[in-house]
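Read the single chain below, which is given as structure tokens and is the form predicted on its own.
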């Protein structure tokens, strides 16, 4: 397992000078600019959910404004390789807008992230591409932690092949089950496909992507996919990309962002005739659409203002960054529910 690790650190004096030069040190100036439509539309959600907050304290929804320049300390997170690119962008923006502390993000898979959050208590935030399991909630309870779920977006799990592959453009869930289990050659699945060995590149078993694929394609039974020949597993999606691009007979799957980042080298297959798009993902008609989460705990958020502020910042600005990363925004009702969960965690 290869670990991608981001350690982003800025010194107070450097940040202060940059902040003063760029925006005069004003907390108001760090809020994302509103469009004319946003200014004109009444913030009914804010009025209903946070009636005591003044107009100056509210921004981009129902959460109180975050001033990154007023914060320091560490934010430690780990988990999903799928969520990693989004978390990386949000952490960089948090630092760029003046946070003087350190944000650490380890890409170790959803299961590995929950282990650090619920079993060893090493992290403040757990990134996940699947919901937390009951057993993981119990482990958290033993540490005195109660996981709080914050939905930050939606991913379309991408089934991909090399650009050199000229025969696979659409695949059914039934064909996927054969491709990633008992079939030895492509022609075993479809007689019109080449009589060449199937080379499989898949996420490791600690990955939420692996769990999700197994749940959707194999009804939660890991045995078929783990017993397939010519299968390489890795927690590092870049390793999977390299393997898939190495042969026209290779296939794999991972989060949509990694396909988008490598679209010039990869082809994505439609599933049951449905292509991944903002419309099909939001409507849940694309068969392999899935939510993306971050988790934390109320006591952590209340004891560490920088952690609460980081989560607030993510929930406030995520929709400004997520499409560029390669994922799809959560619909407004889902994001508002996450923001409400933040308010409740903070006793507001």
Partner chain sequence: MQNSIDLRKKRRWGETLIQASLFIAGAFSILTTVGIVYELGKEAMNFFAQVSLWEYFTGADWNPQIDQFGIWALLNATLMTTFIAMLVALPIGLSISLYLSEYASHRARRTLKPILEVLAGIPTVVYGYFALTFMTPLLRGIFGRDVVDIYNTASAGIVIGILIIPMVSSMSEDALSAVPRALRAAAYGLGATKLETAVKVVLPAAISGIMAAFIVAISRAIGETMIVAVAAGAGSNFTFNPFEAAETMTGHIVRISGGDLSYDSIDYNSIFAIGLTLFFMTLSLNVISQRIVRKYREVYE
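Everything numeric here is computed off the predicted structure, so don't read it as measured data. Numbering follows the first chain given and starts at 1.
We do not show the form predicted in complex with the partner chain, though everything after this point is about it.
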| query | finding |
| --- | --- |
| Listed residue (180, 249, 258, 213) with a non-hydrogen atom within 4.5 angstroms of the partner chain in the predicted bound form | 249 |
| Contact residue in the predicted bound form, chosen from 138, 164, 74, 219 - any heavy atom within 4.5 Å of the partner chain | 164 |
| Site test, 104, 108 and 112 vs the partner chain in the predicted bound form, non-hydrogen atom cutoff 4.5 Å | no |
| 4.5 angstroms heavy atom contact with the partner chain in the predicted bound form for residue 201 | yes |
| Interface membership of residue 194, the partner chain in the predicted bound form, 4.5 Å heavy atom rule | no |
| 4.5 angstroms heavy atom contact with the partner chain in the predicted bound form for residue 231 | yes |
| 4.5 angstroms heavy atom contact with the partner chain in the predicted bound form for residue 267 | no |
| Interface segment, criterion being heavy atoms within 4.5 Å of the partner chain in the predicted bound form, picked from 234-242, 150-158, 112-120, 166-174 | 234-242 |
| Sequence-ordered list of residues in 172-197 near the partner chain in the predicted bound form, where near means a heavy atom within 4.5 Å | none |
| Direction of Cα pair change residue 82-residue 220 in the predicted bound form, magnitude 3 angstroms or more | closer |
| Sense of CA distance change between residue 243 and residue 114 in the predicted bound form, threshold 3 Å | farther |
